[in-house]
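Just one chain is shown here, as structure tokens, and it is the form predicted alone.
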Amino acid sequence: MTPLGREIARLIAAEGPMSVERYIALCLGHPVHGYYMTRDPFGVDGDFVTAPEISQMFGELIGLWCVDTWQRMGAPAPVRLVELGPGRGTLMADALRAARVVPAFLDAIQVHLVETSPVLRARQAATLEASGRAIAWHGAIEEVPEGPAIVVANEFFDALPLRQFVRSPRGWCERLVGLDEAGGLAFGLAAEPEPALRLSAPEGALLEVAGASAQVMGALAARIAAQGGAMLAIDYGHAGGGFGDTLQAVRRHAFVDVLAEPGEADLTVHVDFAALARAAAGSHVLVHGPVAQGAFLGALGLAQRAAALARHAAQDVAAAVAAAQKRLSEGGPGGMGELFKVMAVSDGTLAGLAGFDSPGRHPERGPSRRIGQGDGA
């Protein structure tokens, strides 16, 4: 058992079984043994590869989306350019490089990174040193200074902890992490059902409740509604609710048992974008999408950017660009272009945003009209 596994086992022995939510939070964020606190997990030599590490095109297109959004906002200055969970800083570095085509945008922005890992903060600083920009780091979204903001969250919500409930003969009982007879970690159910859950489902169905994600989205939506701007979320997940266990663990680019290596494997869940939209409903914001990543990047000009990079490149470089373009946009059940979804939240003045076919909609209220599309138009 890993050092964190032994500590979790001691906690359970002393306090009783813990929620899946607490287990995930400890595995990822424990101050000494937490997965993200102790390592740089990204890239071929790590445990997984994210879109910014696949190709510079991803971050460049996101950077141009930020520029376009800023212009639609009326080009405010200053504006906070915020990234949540910025990994190695690769996306932000590529975004800032692409944004040089509009110098006024670079003059207007203040870059803020929300990151709790000291290891990753150091890597981000090294990656972004060449940008020549002052970078401010924060441990929480609430620490970002007030003002209009453009927020990017790529593979951020999938790492937030959630609770799980299983439909049993007694009702919806919370799934817990306890100890088996040998002292190892094992899943079990709470003795008493959750009285607030009354959903109809067959016995054995599993429901995930992402309270942390809803809280973050609610706070972001409230800020955007009050201070202006937009937020872009890119993650693997689904557009509607449902039942099923999406919790998974990855180590060295392979799936492993969720309970086998606490603190040594990445834990993620599939993001419920419908739930994120509902979480934004308490604020006067517009929700755009979700749309498939492949369609979103295509609308931003992925094919054109790939062609430009490959035009005068050596054959092997051109082949690598083509492979990256395919990987980012490929459809089908296992393709990143379909599995990953993109959703934006904006203040009420931004009825349209690049990459989304239809204008924004108020959660629970259907599509909103485009700017200037009044009655009788």
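All residue numbers are counted from 1 along the displayed sequence. Bear in mind the structure is a predicted one, so any value in this text is a computation, not a measurement.
Keep in mind that the form predicted in complex with a small molecule is not shown, yet the notes after this line are about it.
- Across the options 273 to 281, 108 to 116, 143 to 151, 125 to 133, residues that bring heavy atoms within 4.5 Å of the small molecule in the predicted bound form belong to 108 to 116.
- In the predicted bound form, the small molecule sits within 4.5 Å of a heavy atom belonging to residue 86.
- Residue 56 falls outside the set of residues with a heavy atom inside 4.5 Å of the small molecule in the predicted bound form.
- Contact between residue 52 and the small molecule in the predicted bound form is found at the 4.5 Å heavy atom cutoff.
- Contact check for residue 156: a heavy atom falls within 4.5 Å of the small molecule in the predicted bound form.
- Three-residue candidate spot 165, 205 and 269; no residue lies within 4.5 angstroms of the small molecule in the predicted bound form by any non-hydrogen atom.
- This chain is drawn without the small molecule; in the predicted bound form, the residue among 231, 81, 302, 160 with a heavy atom within 4.5 Å of it is 160.
- Here is the short version: of 210, 265, 120, 224, the single residue with a heavy atom within 4.5 Å of the small molecule in the predicted bound form is 120.
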